[in-house]
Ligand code: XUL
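In structure tokens, one chain follows: the form predicted on its own.
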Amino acid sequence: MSKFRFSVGPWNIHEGADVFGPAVRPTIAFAEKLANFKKIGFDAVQFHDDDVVPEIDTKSASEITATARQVKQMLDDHGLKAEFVAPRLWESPRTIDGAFTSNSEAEREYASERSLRAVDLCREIGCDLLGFWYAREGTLCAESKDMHAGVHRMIEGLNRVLDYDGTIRIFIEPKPNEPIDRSFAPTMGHALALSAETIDPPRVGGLVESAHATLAGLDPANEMAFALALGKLFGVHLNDQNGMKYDQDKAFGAENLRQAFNQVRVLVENDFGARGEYVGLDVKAMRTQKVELCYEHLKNSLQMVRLLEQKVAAFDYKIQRQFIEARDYEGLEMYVMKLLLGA
């Protein structure tokens, strides 16, 4: 039995399109996804704002509210909660050069207004967490933006949300590149530095995605531990990544088993979830999967977390201390590998 509660986004069940090819699977209805998420073992759903209200930019305030309430009823019907809402600030033509860091004042204003509408959605669907993945907050051309000004604009965007709603919490999900070349918030350290400069730092934290940390050349467990040590880990997205390439969102533990073990160990040791946090997955099905098998990556990732929880429970801290006291780190490393291999 897992100690964690788990969340997943509707985008994790998709049609299999990629930048080199079209969709290969039929679209699955949102209600069907919710029913299957519950059966698989998820407790909550992650949302972008337009997952809640499709084509949100074309809808009136009353239409947005009515649609959000319908989604809340669907969640209730399936015994699911909403974990967070994240404004999708990277697909609109108005954010082609960034959202909060755009060189256009009008486009920066659009990003702020859409973020405030996402706060309203949080309230309608029953959560208090807003997420920012700063997808285009950076540069494609190094000389195209003033990073000094961009950092202050991101802080201003955070402050506007904090001022709008006195109880909303915000996480920043760092990523070093893709779709931009140079991110203004590439790591958890950058995210928490931004948090510290806001008008209410306790309400701004971070979310670590395994693959994003790997893309930055960092260890995901260390990124999690850093945020945990400062009381700032508001969420995680567990997945896996084969090196510093494009963002792959592989099933958790599929590439780096020891890294996966240490991520689970850090979360267990620091009682992650005790304040209501969810362990989120952000994994993609391989494009080769048939539609009847398109949930397997979610099932496999959940199973990996639970299996690694068992390994953490079997981890002998007395043996660990003995190796540490002797400074026999070769021995400690072999102990961990034998534990993972069942030897």
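In this text, all values refer to a predicted model and were calculated from it rather than measured experimentally. Note that residue numbering begins at 1 and tracks the sequence as displayed.
The same protein also has a form predicted in complex with the named molecule, omitted here; what follows describes it.
*Would you point out which of 172-180, 92-100, 154-162, 188-196 contains residues with a non-hydrogen atom within 4.5 Å of the named molecule in the predicted bound form?*
Every other range fails; the passing one is 172-180.
*Of these, A213, L80, I125, A86, which has a heavy atom no more than 4.5 Å from the named molecule in the predicted bound form?*
If I apply the 4.5 Å criterion carefully, the residue I get is A86.
*Heavy atom within 4.5 Å of the named molecule in the predicted bound form - residue from E277, D282, E309, D50*: Of the listed residues, the single hit is D282.
*Would F184 sit within 4.5 Å of the named molecule in the predicted bound form, counting heavy atoms only?*
No, no contact at 4.5 Å.
_Can you tell me if W133 lies within 4.5 angstroms of the named molecule in the predicted bound form, counting non-hydrogen atoms only?_
Judged by the heavy-atom cut-off of 4.5 Å, W133 is in contact with the named molecule in the predicted bound form.
_Quick check on E209: any heavy atom within 4.5 Å of the named molecule in the predicted bound form?_
So E209 counts as contacting the named molecule.
*Quick one: is D247 in contact with the named molecule in the predicted bound form, heavy atoms, 4.5 Å cut-off?*
Residue-level check for D247: yes, a contact with the named molecule.
*Sequence-ordered residues of 1-40 touching the named molecule in the predicted bound form, heavy atom within 4.5 Å*: Heavy-atom contacts within 4.5 Å come from W11 alone.
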